[in-house]
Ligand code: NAP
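Quick heads-up: it's one chain on its own, the form predicted alone, in structure tokens.
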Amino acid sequence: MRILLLGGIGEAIELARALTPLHAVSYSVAGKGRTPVLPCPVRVGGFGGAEGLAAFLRGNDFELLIDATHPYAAQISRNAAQAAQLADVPLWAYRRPAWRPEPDDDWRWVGDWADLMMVLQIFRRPFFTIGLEPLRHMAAIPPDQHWLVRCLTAVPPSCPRLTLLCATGPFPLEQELALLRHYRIDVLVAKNSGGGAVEAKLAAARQQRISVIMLQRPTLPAASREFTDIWSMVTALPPE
């Protein structure tokens, strides 16, 4: 079977490696972060929206589209759902299970940036792990706050109340604990990405009794079939 796999998370790489010996897999990644080395063709970059993706599916005779993108890559998932309909190709989706707070956790849920800023008012030294969005709001940093922002890459800002860390995880627990102490962090701002690669920051916040402001996941479109573990998907695609 000819499969186009939209990836971008660790499980997608595992899925590509598991399916490649059994099927003709092509792996696609948007281009953020590292490009994986896989035993199948790897395509880097966008398609030009849903219509472009549909044309790519038809032009390469793909028989199945798999969405194994990040839980917050909602636009890519919406494009995938629309493209699958346009190209008349089934869409399967891997939906990574979300994290759940433990009894000692202090999680405060927010739906968007405006909600986040309201909750953030009572804190002084937040640690943002939600990508580039905080850099777009540097001018609005309150005088009594200092922001620590960690992301993959960005132009260093000229803002005395913001510190930028450009780094690629995963980060071990001891490193996360040391970072929280060094910057005197009093709240962690995170996305509920799920998975184990970046969960150490939540464990560090729990140990330090630091509150967590958690951005809720976006609503994703329905797929022909949805899976919460990759091996169930692999076994659902028997070799031809």
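Start at 1 and count along the sequence shown; that's the residue number. Quick caveat: nothing in here was measured; it's all calculated off a predicted structure.
What comes next is about the form predicted in complex with the ligand, which is not displayed.
Worksheet item: So which of 39, 196, 45, 59 reaches within 4.5 angstroms of the ligand in the predicted bound form, heavy atom to heavy atom?
Response: Flagged contact: 45.
Item to complete: Heavy atom within 4.5 Å of the ligand in the predicted bound form: which of 107, 123, 113, 72 fits that? Just give me the one.
Response: Exactly one residue meets the criterion: 72.
Fill in: Exercise: residue 191 in contact with the ligand in the predicted bound form, heavy atom 4.5 Å
Judged by the heavy-atom cut-off of 4.5 Å, residue 191 is in contact with the ligand in the predicted bound form.
Fill in: Residue contact check: residue 210 to the ligand in the predicted bound form, 4.5 Å heavy atom
Because no heavy atom of residue 210 falls inside 4.5 Å of the ligand in the predicted bound form, the answer is no.
Practice prompt. Using a 4.5 Å heavy atom cut-off, state whether residue 76 contacts the ligand in the predicted bound form.
Written response: Within the cut-off, so yes.
Fill in: 4.5 Å heavy atom contact, residue 29 and the ligand in the predicted bound form
So residue 29 counts as contacting the ligand.
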